[in-house]
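Starting off, we have a lone chain in the form predicted on its own, written out as structure tokens.
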Amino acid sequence: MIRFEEIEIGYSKPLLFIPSLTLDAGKVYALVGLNGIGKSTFLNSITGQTSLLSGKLFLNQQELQKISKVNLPKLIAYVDSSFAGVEYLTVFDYLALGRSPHTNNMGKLNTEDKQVIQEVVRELNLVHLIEKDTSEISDGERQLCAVARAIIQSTPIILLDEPTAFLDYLNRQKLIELLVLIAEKQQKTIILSSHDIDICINNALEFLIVSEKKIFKTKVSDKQVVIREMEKDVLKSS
């Protein structure tokens, strides 16, 4: 669960204001809005990468500002909008990094760690990539690996910045279905930013719409609802 109380998000001046918002466990939320409107800043504020200008943010009842840097990776897994790959870093070794918050100082994987990795590899159909270098696979494959690493991290909260950007339609649909299943089965809170409004509606995701410097939560069955809210910002900037 994530709870926002009287929060201002931004840098030298506020980009977004969230008076009160609770995101429940067991759900996937689609974060939508114009480019440059503050979606990535919103996600970075939840991870602590961008400091809050004001207000309080709670992750599973713990105030963000009071969570140590050691414990934060046990609460939040984050997937950036792109992963370029690293030469000589195999897919397996990259995925294993997701277990680092749970391993000892030597980073040695135990039986449970390996089982978690194997299960996610099967779920995302990555078995054929496991021994390949991350620098040698396609953009879409790397993005699936980045999502897999986040799931392997076994956190109650997962944040994804444009996770479907490099995927074809079939893999986008499969990924969203898997995230919904994981959220419900493991009671995780998952937020994904996306421009793919149709696929989010088709999978009955709740929406977090960024509009007029605020974020509001709503269920959407008509794409035009989202478009009308985004148009408010277009009109203001013109």
Partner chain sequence: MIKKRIPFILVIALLLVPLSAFIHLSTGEIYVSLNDFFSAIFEFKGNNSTNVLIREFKIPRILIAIVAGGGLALSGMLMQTLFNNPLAGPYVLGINSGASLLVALSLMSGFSFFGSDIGIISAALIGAFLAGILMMAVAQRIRSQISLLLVGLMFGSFTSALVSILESLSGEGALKAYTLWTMGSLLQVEFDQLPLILFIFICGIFLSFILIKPLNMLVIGERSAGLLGLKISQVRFLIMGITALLAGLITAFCGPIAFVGLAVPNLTRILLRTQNHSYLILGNLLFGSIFLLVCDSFIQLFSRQIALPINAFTSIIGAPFVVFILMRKLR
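Residue numbers count along the first chain shown, from 1. Just so it is clear, the structure is predicted and the values come from calculations on it, not from any experiment.
There is also a form predicted together with the partner chain; it is not shown, and the following applies to it.
Of the listed positions (S138, N110, N125, S100), a single one reaches within 4.5 angstroms of the partner chain by any non-hydrogen atom in the predicted bound form, namely S100. Taken together, the three residues D24, S45 and L181 lack any non-hydrogen atom within 4.5 angstroms of the partner chain in the predicted bound form. Taking the partner from elsewhere, L170 is found to have every heavy atom lying beyond 4.5 Å of the partner chain in the predicted bound form. Not displayed here, the partner chain is approached by R149 to within 4.5 Å at the level of heavy atoms in the predicted bound form. Contact check for P73: a non-hydrogen atom falls within 4.5 Å of the partner chain in the predicted bound form. The partner chain is not shown here, but in the predicted bound form it comes within 4.5 Å of a heavy atom of Q49. Segments offered: 73 to 81, 162 to 170, 140 to 148, 115 to 123. Contacting the partner chain in the predicted bound form at heavy atom distances within 4.5 Å is 73 to 81. Although the partner chain is not shown here, in the predicted bound form the stretch 152 to 176 places heavy atoms of just one residue, Q153, within 4.5 Å of it.
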